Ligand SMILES: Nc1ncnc2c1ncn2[C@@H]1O[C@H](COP(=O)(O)OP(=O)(O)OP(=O)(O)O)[C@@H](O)[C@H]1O
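First, one chain by itself: the form predicted on its own, in structure tokens.
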């Protein structure tokens, strides 16, 4: 009867029965001994591993966060509705993994790869563990190629290189996220894939970021991973690790990737919450002892790979929030020591309408000139020192004016530097325009220009610079700046200044 042409469905059913494995199957089951906000204590799973997915009787999933001698603690990945002490728990033997591949580009996902946009579920053929080891030292290459942010104060003073980890830190509402989003938007048209990770953020804030990238950037080459404030603590904890694995898939295939963690202060608070619920010994500011290792193992995954491994890179822009300008707090000092530099935003500069409100004195890039175009390095050499001196003189000038004409001239130039570094949101300044403006500043062409006109000068220069044939070599290779190119830049700036 199995070969009868009128029973194809029966044939398939019998074939599946023949292929089904028969015999006993071992299943390790445990019991929920206690439950708290987003965390369950479980006994009876001696073979469980860290980051292994477990399934509760209700069908909800969690992952093993900590292991103890007689029990483990699991963070929930799904709502904990209907789960109580005494319920059964089953091991899956699978580690927390995330979908990877070209299909995730342009999508808004949760840390498990589930869609948060209106598009259909992902259909990817490959997954990667959320936690992966960082590249070994021998697998890394030198950070030498700049990430062009189109933000003049960053590109000129605190150059960021592909493979670097540059911390953006400051008080609340001082433009930290704006700085990172402007960098993402400026990667449109470049061979850079961007990943934005929202950790514990309100969904309204996340939507504004997504809309800004969709309207002004290249959302088709950006991945948004969202662990919003109302999500389970386990999802918020997992978000940066899952997003890094998604980014590493592209890096390992030779792509340049930029990832923004917004923000790691909230991630540390989530880790503290879960650790206290699991009765881990608290340390300074009630954070557990492994808080440094938590972010170290995350940020160490950002690197530029050697040519033998494809030459891809993963650049990290972690964001951290401080209170009352206290950079010496526990989490900020941890992140500063892990990263390759920090861009510090200032509440006083923000209130004074200096945007971006970057504190030049406290900010630093430990890669610096090694990841800066040679032409930019040639014209930005004294900018930071001159601006820092101006800020110091401006502070003392409140007690009385300067009678020295030389000091007055330095103050006037400082005002021009401040106007030059001021840059509204979504107003990118191209590299060639930055070099032209700094060249003109060094030569004194801007000393007599009204500060209000400097902002209008930036967009006016772009078409004039594109039309100058003597700058073709500089556009192709900004590694050096010749005397002829310098003269051409000054000529273009003079022409722009003469235009009413």
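Numbering follows the first chain given and starts at 1. Here the structure is a predicted model, which is why all the values come from computation and not from measurement.
Although not depicted, the form predicted together with this ligand is the subject of the following passage.
**Q** Does residue 99 make contact with this ligand in the predicted complex, using a 4.5 Å heavy atom cut-off?
**A** Result no; residue 99 lies far from this ligand in the predicted complex.
**Q** Can you work out whether residue 173 and this ligand are in contact in the predicted complex, taking contact to mean some heavy atom pair no more than 4.5 Å apart?
**A** Yes, contact at 4.5 Å.
**Q** Mark residue 292 yes when one of its heavy atoms lies within 4.5 Å of a heavy atom of this ligand in the predicted complex, and no otherwise.
**A** Output for residue 292 is no: heavy atoms all beyond 4.5 Å of this ligand.
**Q** Using a 4.5 Å heavy atom cut-off, state whether residue 359 contacts this ligand in the predicted complex.
**A** Taking the distances in the predicted complex, the answer for residue 359 is no, it never comes within 4.5 Å of this ligand.
**Q** Using a 4.5 Å heavy atom cut-off, which stretch among 125-133, 418-426, 74-82, 211-219 contacts this ligand in the predicted complex?
**A** One stretch meets the cut-off, namely 418-426.
**Q** Heavy atom within 4.5 Å of this ligand in the predicted complex: which of 384, 410, 355, 255 fits that? Just give me the one.
**A** Comparing distances to this ligand in the predicted complex, the residue within 4.5 Å is 355.
**Q** With this ligand left out of view, which of 334, 178, 280, 306 would have a heavy atom within 4.5 Å of it in the predicted complex?
**A** For this set of options, the contacting one is 178.
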